[in-house]
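Presented as structure tokens, the chain that follows is alone, the form predicted on its own.
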Amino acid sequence: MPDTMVKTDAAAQKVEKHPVKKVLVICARGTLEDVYASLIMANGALMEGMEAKMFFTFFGLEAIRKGNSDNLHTATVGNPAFMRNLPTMVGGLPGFEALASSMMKKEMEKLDIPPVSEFLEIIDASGGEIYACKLAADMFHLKREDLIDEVKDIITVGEMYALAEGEGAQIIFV
């Protein structure tokens, strides 16, 4: 067995642990629950003194389109966790998604969690950086002026990876 595959107790003790210093949160879905998960992780990193950057791609771009941030919906169809006590077909009934989204927003408000637009402003004001994916923006025919002011730039995937360079960097995909 090669030496690189064998770990002794002494070798394990020599391994240095590098704390997380920077996170890049990739938000690829535009559902209320996925966008909030991304925002909460980025905000949590900032609160812990880490550097936080967000990259919105594909349907995640819906969260950073002007006038759209606070109009996101909860996914009811195909969401087994949400529908665990209801028949699957109920999730597709007219008005059910709007009802579920309204209920979720009320619960978030009770916990003093800000609306998506305000959360994005908080992340920006706290030193976080928000980016849009160039490929997805091109695919959906979005220009810089279509996006909220907090978006720092529209960048390529290669540029996104460069944001996560460095020791102690982590990528979180939602």
Partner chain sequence: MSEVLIAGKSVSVNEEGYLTDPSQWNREIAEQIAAEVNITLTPKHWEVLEYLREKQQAGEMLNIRKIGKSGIVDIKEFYQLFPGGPLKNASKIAGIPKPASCI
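Positions refer to the first chain, counted from 1. Given the structure is predicted, the values throughout are model-derived calculations rather than measurements.
Although it is not shown, the form predicted in complex with its partner chain is what the next lines describe.
Among heavy atoms of A37, none comes within 4.5 Å of its partner chain in the predicted complex. Its partner chain in the predicted complex is not approached by T31, whose heavy atoms all lie more than 4.5 angstroms from it.
Mapping the unseen interface onto this chain, M139 falls outside it, with no heavy atom inside 4.5 Å of its partner chain in the predicted complex. Using a 4.5 Å cutoff between non-hydrogen atoms, I122 counts as a contact of its partner chain in the predicted complex. For the marked spot (L46, E109 and P114), a heavy atom within 4.5 Å of its partner chain in the predicted complex is present in each of the three residues. Figure note: of the listed segments 22 to 30, 122 to 130, 60 to 68, 144 to 152, the one touching its partner chain in the predicted complex, with heavy atoms no more than 4.5 Å away, is 122 to 130.
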